[in-house]
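Next up: a single chain in structure tokens, the form predicted on its own.
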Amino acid sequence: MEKRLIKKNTLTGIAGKMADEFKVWAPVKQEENVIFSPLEKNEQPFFAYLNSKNAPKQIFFPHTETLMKYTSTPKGMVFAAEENKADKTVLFGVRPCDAHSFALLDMLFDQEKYKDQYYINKRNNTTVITLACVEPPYATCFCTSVDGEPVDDKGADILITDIGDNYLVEFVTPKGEKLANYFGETKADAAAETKKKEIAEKAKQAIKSKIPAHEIKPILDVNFENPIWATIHGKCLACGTCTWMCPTCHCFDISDEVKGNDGVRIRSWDSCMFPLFTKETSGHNPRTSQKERWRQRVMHKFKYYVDNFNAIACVGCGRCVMSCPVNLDIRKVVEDIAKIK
């Protein structure tokens, strides 16, 4: 793996140069929040942040996207797939937990048997540049409990780590190596790599929130009807905030919108927290309350995804913990499940 050093004051300029050639998504300040959005001309990215308000999965899995168009004609229906275009894109400055989420979403959308070409095309045309977490994290961060670390290259093409006066830039994949010319010619020495290892270990130790994420799988396997599910959901508002903010949630709905003879088929984000999510055409709903919906959310992340892909569908970013209006904490839920005898 090739490694280089760049001066810290050059990072913003590098992002700007890339924006001249590619579509660049980067963290920007929006009032009190930091969000990922495409850089406008002369717009400055904001890299001095702990994590963004929104999870940048929307780049590969948009809130809403058109899948197909159709027209009713005298000879019958005429169908046309939406042109599946994806600009050459750079996702610059994403945190390791969010890059980790891309690796998890790949398992679902890019399987050997089932392939989502809309997701895959965007993913293949995007280079992910991860900015490692070296500052003290949010108290709600728990990435080390779910196979992540503050300095980690999962899901990344390039990993950038602050090692003091410089950034250490590591080109993780061939896709990342294609952008090496933007990062100067200064090769990283052994001292820089040693410094990075020290910083990575210190950052890892700074994650104080720990949950038994791996330990609950055998418990969930045999406790589908356990009374604990009736105790979890009591204050849930079914607002869907936890799923909207989550980097790995991927539920969606397919709908048709028709005007006159023309129609479009649209895919939009949905949430297992919503009552309508599992309502059938007959009117029957197999998940009649938030009890069943919260059970599904936990089971999906910590059992079903493990069954299917041998991976927990959570990256420990803590967004759902910070954003829940009634302080329903997934960490506490996992801890309580771990205590089931």
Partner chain sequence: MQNPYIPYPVEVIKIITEVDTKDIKTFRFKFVNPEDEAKFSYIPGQFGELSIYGKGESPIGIASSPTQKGYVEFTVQKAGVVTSALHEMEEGTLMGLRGPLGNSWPIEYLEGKNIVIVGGGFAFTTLRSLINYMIFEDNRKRFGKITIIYGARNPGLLIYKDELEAWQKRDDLNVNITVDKGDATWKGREGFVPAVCKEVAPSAENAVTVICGPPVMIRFTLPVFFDLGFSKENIITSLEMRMKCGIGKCGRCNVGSKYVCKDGPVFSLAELDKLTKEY
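C-alpha atoms forming the largest set that superposes within 1.5 Å between two forms make up the rigid core. Numbering follows the first chain given and starts at 1. Keep in mind it's a predicted model, so treat the numbers as computed, not measured.
Below, we turn to the form predicted together with its partner chain, even though it does not appear here.
(message) Although the partner isn't part of this model, could you tell me whether D253 comes within 4.5 Å of its partner chain in the predicted complex, counting any heavy atom of the residue?
(response) Result yes; D253 sits at the interface with its partner chain in the predicted complex.
(request) Answer with yes or no whether Q111 is in contact with its partner chain in the predicted complex, where contact means some heavy atom within 4.5 Å. (result) Q111: yes, in contact with its partner chain in the predicted complex.
(message) How about R123 - does it come within 4.5 Å of its partner chain in the predicted complex, if we only consider non-hydrogen atoms?
(response) No.
(message) Although the partner isn't part of this model, could you tell me whether Q117 comes within 4.5 Å of its partner chain in the predicted complex, counting any heavy atom of the residue?
(response) Yes, Q117 is a contact residue.
(request) Could you tell me which of 26-34, 41-49, 289-297, 311-319 sits within 4.5 Å of its partner chain in the predicted complex, going by non-hydrogen atoms? (result) So the stretch in question is 289-297.
(request) Counting non-hydrogen atoms within 4.5 angstroms of its partner chain in the predicted complex, say which of H233, K196, K154, R267 makes the cut. (result) If I apply the 4.5 Å criterion carefully, the residue I get is R267.
(message) Using a 4.5 Å heavy atom cutoff, which residues in 258-293 contact its partner chain in the predicted complex? It's fine if the answer is none.
(response) Contacts from 258-293: V258, R265, R267, D270, L276, F277, T278, K279, E280, T281, H284, P286, R287, E292.
(message) With a threshold of 2 Å on the C-alpha, tell me if I254 counts as moved between this form and the one not shown once the core is superposed.
(response) The answer is no, as the C-alpha of I254 shifts between this form and the one not shown by less than 2 Å after core alignment.
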